[in-house]
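The chain that follows stands alone, in the form predicted alone, written as structure tokens.
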Amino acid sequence: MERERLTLRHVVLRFGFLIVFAAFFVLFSVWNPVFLNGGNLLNIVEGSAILMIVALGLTLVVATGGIDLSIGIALDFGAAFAVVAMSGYGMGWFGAACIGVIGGSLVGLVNALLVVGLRITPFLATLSTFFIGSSVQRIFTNGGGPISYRRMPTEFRNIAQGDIFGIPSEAVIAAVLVVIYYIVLERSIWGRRIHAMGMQRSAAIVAGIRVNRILVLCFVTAAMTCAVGGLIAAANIRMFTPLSGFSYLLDAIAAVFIGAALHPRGRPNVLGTVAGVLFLGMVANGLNLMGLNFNTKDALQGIILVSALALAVAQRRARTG
């Protein structure tokens, strides 16, 4: 009997998150058959695209052993620079998109300057960038008013509202970035160096890894990636809404750390982040279909998220213990 209990415990701790994922999938499917509709499942993927992109950028920074609390600012700057370039300066859609990505990368450069140049810890450095970036947005928009551009070129709107072979373009963009991040972070020398930094930076330095150079590249790359999410957000609603990027920060952190806890070595990884994002997207969609009121839905979503994180951490401890 004791052997059976231990075996059951072993199964739960090893496959717990997968079991929870499947359980909620079945629950939402039984509660509302619309959940299993192909269109709804595609909506989950499409609705998770921006969060997926932001979480990928965060995964890169967390893999170095740091954190980036300013990813939402990079998303906002990507949207703002692109919209202003088109509405204020008459720039074409492609040039505006490039300006948006460059604008977002400025956030990464500031973070790199603070962390590498001034040796401020990533938490405090990126928190400072968050406050500065938030203030800049409020000042530029006279208190936080949106910048609308209803005559946005069709090509730019198609970044969010178009499709490629019937698949929403934003989902395609997110999938392409997932593949790129997986190859770079999980299957390249650069990725191995990043993970070495995250596991033990002092040993990485002794091994001759140029830690500072990699940190700069990671912060800038993460900010540029989040700026792409900003382009999608702006194209979707044809405007820039100040501070809208903050809404993705906590979910992105949750997705990254769920993914890290699922990894055998407890390190951030692309596939784990993808699993975390899809889980959050599924829960949000399923709770909406259940017709719960706003406050109840948020409370349940928080409880489910905390439980998933706790289970994922328990799985990691069981594997390493």
Partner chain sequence: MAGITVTQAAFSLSDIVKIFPGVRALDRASLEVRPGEVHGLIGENGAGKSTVIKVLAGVCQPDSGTIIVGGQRIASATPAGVHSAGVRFIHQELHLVPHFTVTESVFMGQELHGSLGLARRKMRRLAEAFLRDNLGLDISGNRLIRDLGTAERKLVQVARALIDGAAKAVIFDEPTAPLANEEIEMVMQAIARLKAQGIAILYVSHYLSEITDICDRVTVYRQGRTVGVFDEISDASAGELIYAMIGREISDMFPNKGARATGEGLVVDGLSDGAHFDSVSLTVGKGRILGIAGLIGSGREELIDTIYGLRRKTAGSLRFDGETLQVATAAQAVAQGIVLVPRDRRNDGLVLPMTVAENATLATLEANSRAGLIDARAVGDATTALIDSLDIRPPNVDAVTRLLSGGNQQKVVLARWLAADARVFLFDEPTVGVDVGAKAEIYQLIEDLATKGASVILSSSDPVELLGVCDQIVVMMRGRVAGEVAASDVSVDNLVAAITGAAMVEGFANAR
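Only a predicted model underlies this, so the values are computations on that prediction, with no experimental measurement involved. Positions refer to the first chain, counted from 1.
Although not depicted, the form predicted together with the partner chain is the subject of the following passage.
Position in contact with the partner chain when the complex is considered in the predicted complex, options Leu243, Ile147, Ala175, Ala207, heavy atoms within 4.5 Å: Only one listed residue qualifies here, and that residue is Ala207.
Arg187: touches the partner chain in the predicted complex, heavy atom cutoff 4.5 angstroms: Yes, contact at 4.5 Å.
Any non-hydrogen atom of Met199 within 4.5 angstroms of the partner chain in the predicted complex: Close contact exists here: in the predicted complex, Met199 approaches the partner chain to within 4.5 Å, heavy atoms only.
Interface membership of Arg157, the partner chain in the predicted complex, 4.5 Å heavy atom rule: Arg157 lies outside the contact set for the partner chain.
is_contact(Ala203, the partner chain) in the predicted complex, heavy atom dist at most 4.5 Å: Answer yes; at least one heavy atom of Ala203 falls within 4.5 Å of the partner chain in the predicted complex.
In the predicted complex, segment of 88 to 96, 235 to 243, 165 to 173, 209 to 217 with a heavy atom within 4.5 Å of the partner chain: Of the options given, it is 209 to 217.
Sequence-ordered list of residues in 255 to 269 near the partner chain in the predicted complex, where near means a heavy atom within 4.5 Å: Heavy-atom contacts within 4.5 Å come from Arg265, Arg267.
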